[in-house]
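Shown here is one chain on its own, the form predicted on its own, set out as structure tokens.
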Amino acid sequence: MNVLLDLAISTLTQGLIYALLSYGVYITYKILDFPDLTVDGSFPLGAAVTAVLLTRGTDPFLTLLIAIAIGALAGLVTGLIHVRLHVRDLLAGIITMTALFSINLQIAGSNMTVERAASTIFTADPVMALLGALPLIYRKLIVSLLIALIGKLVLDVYLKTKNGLLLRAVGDNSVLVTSLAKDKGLVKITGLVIANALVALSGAIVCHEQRAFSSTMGTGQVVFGLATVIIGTTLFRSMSFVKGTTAVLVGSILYKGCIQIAISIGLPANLLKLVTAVLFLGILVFGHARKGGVKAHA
């Protein structure tokens, strides 16, 4: 029973951590309508920078801020390539993602392990002072929940501001933004900066949680993000009162749960990417079928 409980808590923690990545994909895919593949590079970028900083004794919470900044820079590069150099959105993301793979190798090599003596956000003094009596697995859950909720609330508040409304307008009707004498290109860049900052933050927390970095950890993350966004928005399509960020948070947890179930029933690790792809395809088909059913009913 304890094993099952620990497994459930670990899966929930993973879902909360990766929800930050899902927020970023939600901004690019759902709000900006921008197929941003930078995610596969900015996620491990956050982890790589964090791994190096932790091994050098940097304050754990400071590493999160640095990861956010470096992720924002990655989003800025993609935005400038697309907007200023007039490269198509998909290609702009591919270019940045490809460059980041080499950059990540230069930062942390192909793999890096953070020794147990190094403090993380789950073992830092402030956390230990408040939650030190709890086992590590519960500390991870509580800290991840707080960060995921803070990220969600900040994003919700931002999307209600003038800049946030312009961000929504660019994806829905870019002509409207231009008619308001606003630079739609600048708004797109802002969205990409925020999105990749969140993605890099997710990568940083994964590094804290696993105490490790791998150059391949970004592979397929954009697919994961898209899947969680589609799961969440499909589940809550008829519930207009549910915020988009809440939907993708739930989607992230559910998707991680599906993957964990696949592992628990004995699926070989080398088939996980195949299962991810099949699951994503199933979600897309289900989403389109449900959408078509709603229109037919209407």
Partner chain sequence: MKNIAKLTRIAVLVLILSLAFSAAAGCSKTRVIGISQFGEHASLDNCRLGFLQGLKDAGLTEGQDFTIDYQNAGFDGAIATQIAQTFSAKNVALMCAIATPSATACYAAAEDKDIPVVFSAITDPVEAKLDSGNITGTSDKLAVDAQLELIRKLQPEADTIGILYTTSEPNSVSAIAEYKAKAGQYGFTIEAIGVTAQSEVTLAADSLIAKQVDCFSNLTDNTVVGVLASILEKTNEAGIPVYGSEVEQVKRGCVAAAGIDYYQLGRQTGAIAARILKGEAKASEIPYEVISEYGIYVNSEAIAAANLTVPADVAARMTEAKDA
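Numbering follows the first chain given and starts at 1. The term rigid core refers to the maximal set of C-alpha atoms that superpose within 1.5 Å between the two forms. Quantities reported herein were computed from a predicted structural model and do not represent experimental measurements.
This protein has a second form, the form predicted in complex with its partner chain, left out of what is shown; the following refers to that one.
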Counting non-hydrogen atoms within 4.5 angstroms of its partner chain in the model of the complex, say which of Ala212, Leu76, Val83, Leu141 makes the cut. Ala212
Only one of Leu153, Leu90, Ala129, Leu136 has a non-hydrogen atom within 4.5 angstroms of its partner chain in the model of the complex; which is it? Leu136
Taking a heavy atom within 4.5 Å as contact, would all three of Thr28, Leu281 and His288 count as contacting its partner chain in the model of the complex? no
Among 112-120, 193-201, 67-75, 143-151, which stretch has residues with heavy atoms no more than 4.5 Å from its partner chain in the model of the complex? 112-120
Taking its partner chain as it sits in the model of the complex, is Phe61 near enough to touch it, meaning that at least one heavy atom pair lies within 4.5 angstroms? no
Does its partner chain get within 4.5 angstroms of any non-hydrogen atom of Tyr18 in the model of the complex? yes
Do Thr233 and its partner chain share at least one heavy atom pair within 4.5 Å in the model of the complex? no
I'd like to check something about Thr246: if you look in the model of the complex, is any of its heavy atoms closer than or equal to 4.5 Å to a heavy atom of its partner chain? no
Contacts with its partner chain in the model of the complex - residues in 222-241 whose heavy atoms fall within 4.5 Å: Leu235, Phe236, Ser238, Met239, Phe241
If I superpose the two forms on their rigid core, does the C-alpha of Thr11 end up displaced by 2 Å or more between this form and the one not shown? no
Assert for Val222-Phe280 (C-alpha, 3 Å or more) in the model of the complex vs reference form: pair farther
A change of 3 Å or more separates this form from the other: in the model of the complex, the C-alpha atoms of Ala277 and Leu37 are farther
